[in-house]
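Only one chain is shown below, in structure tokens, and it's the form predicted on its own.
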């Protein structure tokens, strides 16, 4: 189930110059995890679109064979968002790349415009250089503000940095931001909020898994070594159960998303969103008649039983 043609989840990706944003975006476009994604970038030239993937090009929009599109922000951010909103029937979510010297948290405010819904701020850092740049008299404040405003921090180039650089950067980040910190590479479903898609059709295998996994919870699509769980809900859930669910969140959870009805607003669609250390509960319009479901993704090694217990708190 998608978020509906009039409400596109919008994820903001930032990080200082050279942090690895373009590499990350290329990976998302090449492996969109079954989603049709619109990526908004400042310059097409920075994005390496494989010729086998490119389907067509028209003006400031590249259409890819996997259903994704890439939009240039050459005409301005507001104008590009308006273009994307007009393509809402062709895409499932939006990813915005922020300039290397921009503030991702400020850009994320645009996700509150009609037609969009916030999906978190992901900030990349280079473990080989971020601490030095953070002390630079000219750019240090920008680097620190980017990190402090993140919901999820991703350390790029973890294959090039040694363990001392990685652990040292993680220690520094723990004093700079409350966001969850992960090492690249990561599955697209962790970088972008998991959407409870196609959960209204249940297979015999899922039904069998239900009987094993506490009656209501099924394994979601695997995300490499990350632990993924989904749960179908039946009818409006108590508002109090959401409050309990937020407080009881297991430490390993890095992403979660639910589309639910709540007992005090049964005719509206309530979106439950976890990105890194941030949890939000918002109403984004009337209930659309789709499946009521929640999906969670946790770090490798997180006990599946803990996720089952957590999702079962809803309802």
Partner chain sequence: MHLATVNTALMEAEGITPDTAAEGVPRDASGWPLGELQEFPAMALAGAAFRSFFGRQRSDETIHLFGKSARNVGITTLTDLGSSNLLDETIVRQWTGIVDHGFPSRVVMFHGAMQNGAVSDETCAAALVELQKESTDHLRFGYVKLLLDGSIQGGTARLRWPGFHHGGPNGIWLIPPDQFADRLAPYHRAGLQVHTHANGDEAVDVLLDAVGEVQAVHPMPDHRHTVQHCQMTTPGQYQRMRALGMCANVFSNHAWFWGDQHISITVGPDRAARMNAARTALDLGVPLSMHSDSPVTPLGSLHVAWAAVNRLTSSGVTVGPDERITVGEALHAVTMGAAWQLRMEDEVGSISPRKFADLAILEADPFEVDPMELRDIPVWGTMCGGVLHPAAGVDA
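These numbers come from a predicted model, not from an experiment. Residue numbers count along the first chain shown, from 1.
Missing here is the form predicted in complex with the partner chain; even so, the following discussion is about that form.
Judged by heavy atoms within 4.5 Å of the partner chain in the model of the complex, the contact stretch among the candidates 164-172, 230-238, 76-84, 187-195 is 76-84. This chain lacks the partner; the member of 54, 283, 246, 30 within 4.5 angstroms of the partner chain in the model of the complex by a non-hydrogen atom is 283. Proximity of residue 148 to the partner chain in the model of the complex falls outside the 4.5 Å heavy atom cutoff.
Interface residue remark: residue 17 is counted as part of the site for the partner chain in the model of the complex, having a heavy atom within 4.5 Å. Put simply, residue 43 is close to the partner chain in the model of the complex: some heavy atom of it is within 4.5 Å. At a distance threshold of 4.5 angstroms between non-hydrogen atoms, residue 142 is in contact with the partner chain in the model of the complex.
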